[in-house]
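The form predicted alone is given below as one chain in structure tokens.
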């Protein structure tokens, strides 16, 4: 990609992220983005159909960078502490640290779009390590169905946590999520599953990055991109 094109897209993506924290996604107009990014209308439509396409382009643009960072973190932790990297806990921690931004994103229309995207993203990330846990092709429940259920349960619990102003710390949410879902996974697989089995599989998977999805909205110091 031409560097000028890359810079222009980055300006518009950062403008959108900063506007989301100020006024919420639903209230943002294309003109707001143009004013914040200081670009022309023709420039915007040369790259994006609407603000929704801009939103998801930001996901794709930044996801690779943060997944690379996450894989490096996972590899380091795996080398030092075995499978101590806890994917679900990291997801709750990162969401809690940036809850204002995520609440601002979760409007009626935008929230539905983002949840569908996040569901697909997490499913694609989890299906490989889940399949690695299957010792036989015959399971009580197809692993694809079990993974869909796990991801849906995680997102539902995450939404409840945010909407109720995070009444429990991330560590407790991780614990409760595992207590609720582990029996179902064991029933689906037909055998006992250790916590470390799933976490270790998540580390070594090439595209590991539950936290990466959320990391794309913030910089290294926890501020929204572009603020």
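Every value quoted in this text rests on a predicted model; they were computed, and no experiment measured them. Numbering follows the first chain given and starts at 1.
Here the subject shifts to the form predicted together with the DNA, a form of this protein not shown in this document.
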- Task: Report yes if any heavy atom of residue 43 sits within 4.5 Å of a heavy atom of the DNA in the predicted bound form; otherwise report no.
- Result: yes
message = Taking the DNA as it sits in the predicted bound form, is residue 162 near enough to touch it, meaning that at least one heavy atom pair lies within 4.5 angstroms?
response = no
* Contact between residue 47 and the DNA in the predicted bound form at 4.5 Å, heavy atoms? -> yes
Contact of residue 53 with the DNA in the predicted bound form (heavy atom, 4.5 Å):
no
Checked 30, 158, 182, 189 for heavy atoms within 4.5 Å of the DNA in the predicted bound form; positive is 30
